[in-house]
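Listed next as structure tokens is one chain, alone, in the form predicted alone.
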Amino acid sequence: MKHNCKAFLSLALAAVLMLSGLVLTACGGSSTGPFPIVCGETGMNDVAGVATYGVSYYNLGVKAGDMAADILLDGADPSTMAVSLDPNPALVINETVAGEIGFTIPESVKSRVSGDTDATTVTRVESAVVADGGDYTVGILQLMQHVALDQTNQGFVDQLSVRMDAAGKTVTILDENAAGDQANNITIAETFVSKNVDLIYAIATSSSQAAASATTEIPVIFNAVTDPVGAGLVASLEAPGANVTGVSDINPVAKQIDLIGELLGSDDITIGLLYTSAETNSIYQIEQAKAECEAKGYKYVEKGIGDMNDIEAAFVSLKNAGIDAIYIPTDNVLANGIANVHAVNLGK
């Protein structure tokens, strides 16, 4: 009778702990959250991540501004302009988020922090950007508003204004946002073509595809496209081959996955791969992440979502799978709702 009573008390205690969000696990069991998150880009990391190797979207915008100026002012041919990349993504950490989730960033990672990747700034020449009647007209087609895409927009206009001012020219910017809708992408791109703009700057993969499909004559500069070849935008990174070229935001996925192992201080880990299943750029990075996990001997569980309404259920699913950390690639839906991701991770 005493034995049965002890068993009952043990079960009751376990139930109380479960209701409190504390799950009893065997030695070597997985964390129950909050989880350290490594994001694909620094803007997302600023909100929800503990560390990452990430590109600066502002700097990528500056690169695109230079490419546009080369085409408009110097007559450069986009078909022979190689796609640009960030050659040296920086290691950044977020001790605020780490503190909020109760995670300690190892000193080995802190010692290698390479600074703020957004340190480069360009002072916009406001007089070179005119409301109408500029020497050139550039249409900007941006998929949606979120920090990374907004930065590519700002960096582009800042640098283009500097180049225009130096050449004694002005530019009119037609800035349109598709609000995440492909039908809007197509309509905006076709409107730019009907207005015979001098160049289209397209931000994000689906917006870039819409712009490329709308014209074979007007130069198109894309940005925030992870896999330009796979997206059908260019023949190759070195020789685009038509009227479309631009800047890829591909991150060092392998280094980011390796970083998770270093953050956790173990090779016996399970990583949750969280992404939007409808975004081709996210799928491309997740495939790279899975390959790196397999090469390193890390276990992984992938969870694709349809939209931000799925995020809470996705976290529950990953938690039940016994993960130790989460990897989120550059992903427009998750970047747009990254504050929600952090709130769910904190259990709010």
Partner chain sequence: MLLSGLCQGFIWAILSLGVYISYRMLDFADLSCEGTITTGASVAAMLIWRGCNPFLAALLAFIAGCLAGTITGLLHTKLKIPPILAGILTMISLYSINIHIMNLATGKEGTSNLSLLNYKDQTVYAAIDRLLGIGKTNASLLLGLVIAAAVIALLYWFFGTEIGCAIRATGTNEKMCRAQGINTDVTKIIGLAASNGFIALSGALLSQYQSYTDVGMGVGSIVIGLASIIIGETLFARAKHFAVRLLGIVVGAVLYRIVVAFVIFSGMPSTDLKLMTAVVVAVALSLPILKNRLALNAKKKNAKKAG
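Keep in mind that this is a model prediction, so the values were computed, not measured. Numbering follows the first chain given and starts at 1.
A second form of this protein, the form predicted together with its partner chain, is not displayed here; the remarks below concern that form.
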- Please state whether all three residues N336, H342 and N345 have a non-hydrogen atom within 4.5 angstroms of its partner chain in the predicted bound form. no
- Item | in the predicted bound form, segment of 246-254, 102-110, 83-91, 212-220 with a heavy atom within 4.5 Å of its partner chain | 212-220
- Task: State yes or no: in the predicted bound form, is some non-hydrogen atom of I188 no more than 4.5 angstroms from a non-hydrogen atom of its partner chain?
- Result: yes
- Contact of E294 with its partner chain in the predicted bound form (heavy atom, 4.5 Å): no
- Message: With the partner left out here, check for me: in the predicted bound form, does some heavy atom of L273 sit within 4.5 Å of its partner chain?
- Response: no
- Query: in the predicted bound form, does G232 have a heavy atom within 4.5 Å of its partner chain?
  - Reply: yes
- Selected contact from T96, S79, Q182, S127, since only one has a non-hydrogen atom within 4.5 angstroms of its partner chain in the predicted bound form: Q182
- Position in contact with its partner chain when the complex is considered in the predicted bound form, options S236, T121, S277, S114, heavy atoms within 4.5 Å: S277
- Item | Residues within 4.5 Å of its partner chain in the predicted bound form, restricted to 305-320 and counted by heavy atom | none
